[in-house]
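As structure tokens, one chain now follows by itself in the form predicted on its own.
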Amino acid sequence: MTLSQFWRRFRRNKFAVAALVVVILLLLAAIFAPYLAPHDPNVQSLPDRRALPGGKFLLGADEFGRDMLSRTIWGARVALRVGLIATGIGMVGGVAIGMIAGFVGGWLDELLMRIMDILLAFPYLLLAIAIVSALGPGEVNTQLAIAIWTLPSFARLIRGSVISLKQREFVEAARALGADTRRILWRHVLPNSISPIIIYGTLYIARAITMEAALSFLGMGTQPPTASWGIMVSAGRNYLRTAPHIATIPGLAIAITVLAFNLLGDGLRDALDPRLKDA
């Protein structure tokens, strides 16, 4: 599929195009947060505590008088950093495990898949909490916990693709020509499995952002005073009646970001589906 064919299919989904725009804006906001944020996200102004939106602070101030707009922008950097890094680690590890298990087969396949089944048996949030509890709270450990949680899904996805592809004619031809296992996997099997990996990766970024927010909300993820949407929602729950913007603004940021990545994943799935034909 050429790039023009991909774009022609992708742009049919207007929601996916809108989601792509939102994701690009979020990435730009995260990258240029020091220049876009009107105030230092950690500077307190006690006389402005719980100030409502408008006036000095466009989106109001939190319980310590910190600018909500600045903290929301910086929170995008934390959310996207955790989502991208954690999903990337889980994707690379899961793809490696799935390729080895699917291509080699036998007892190694059984061993690796049973380990993945054990990880899948745990509720995702409980597994993340257990890992962070063992390693300690913090952004790096949160990334590791989310990466471990994503491993089984990517491993099982790529394993199924490898099992179906390793019997195909082009793989048999490469083997007959003397190509070793590594060359077959990286030059023939992986490129033909890249579409579902990209789609799953996009969807799991949204889940990773939700997971980071949940762990931070519980006090086990990113730690204060770092601007994290989960921390902001947790702090704002005590002021829902007097200053609802403290919780609702970061909550809306989480919802919009997760929705954008999910819609983008749906658009990528439609565009990369080989069963669809160009109109």
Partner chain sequence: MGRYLIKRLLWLVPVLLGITFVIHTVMSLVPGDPALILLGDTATREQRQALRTELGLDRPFMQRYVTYVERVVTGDLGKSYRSRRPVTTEIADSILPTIKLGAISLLFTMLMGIPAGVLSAVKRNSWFDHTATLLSLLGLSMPVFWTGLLLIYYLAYKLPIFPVGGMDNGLMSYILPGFTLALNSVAMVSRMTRSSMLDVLQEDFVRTARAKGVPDRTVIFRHALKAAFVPILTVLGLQVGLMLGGAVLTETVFSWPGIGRAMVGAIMSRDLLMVQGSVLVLATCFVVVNLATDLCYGFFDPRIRYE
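Numbering follows the first chain given and starts at 1. What you are looking at is a predicted structure, and each value in this text was computed from that prediction instead of being measured.
The form predicted in complex with the partner chain exists for this protein as well; it is not shown, and the discussion that follows is about that form.
Q: Can you pick the stretch from 243-251, 42-50, 64-72, 29-37 whose heavy atoms fall within 4.5 Å of the partner chain in the model of the complex?
A: Heavy-atom contact with the partner occurs in 243-251.
Q: Please tell me whether the candidate spot formed by Phe103, Ala174 and Ile199 is one where all three residues come within 4.5 Å of the partner chain in the model of the complex (heavy atoms).
A: Heavy-atom distance to the partner chain in the model of the complex: none of the three under 4.5 Å.
Q: Although the partner isn't part of this model, could you tell me whether Ala96 comes within 4.5 Å of the partner chain in the model of the complex, counting any heavy atom of the residue?
A: Ala96 lies outside the contact set for the partner chain.
Q: Although the partner isn't part of this model, could you tell me whether Ala76 comes within 4.5 Å of the partner chain in the model of the complex, counting any heavy atom of the residue?
A: Result no; Ala76 lies far from the partner chain in the model of the complex.
Q: Mark Pro191 yes when one of its heavy atoms lies within 4.5 Å of a heavy atom of the partner chain in the model of the complex, and no otherwise.
A: The answer is no: Pro191 has no heavy atom within 4.5 Å of the partner chain.
Q: Consider Ala130 of the chain shown here, and say whether it contacts the partner chain in the model of the complex, taking contact as heavy atoms within 4.5 Å.
A: Yes.
Q: Just give me the single entry in Val92, Ile85, Ile163, Leu125 that has a non-hydrogen atom within 4.5 angstroms of the partner chain in the model of the complex.
A: Exactly one listed residue reaches within 4.5 Å, namely Leu125.
Q: Need the contact residues for 15-46: heavy atom within 4.5 Å of the partner chain in the model of the complex, sequence order, or none if there are none.
A: The stretch 15-46, when checked against the partner chain in the model of the complex, contributes only Phe15 at the 4.5 Å heavy-atom cut-off.
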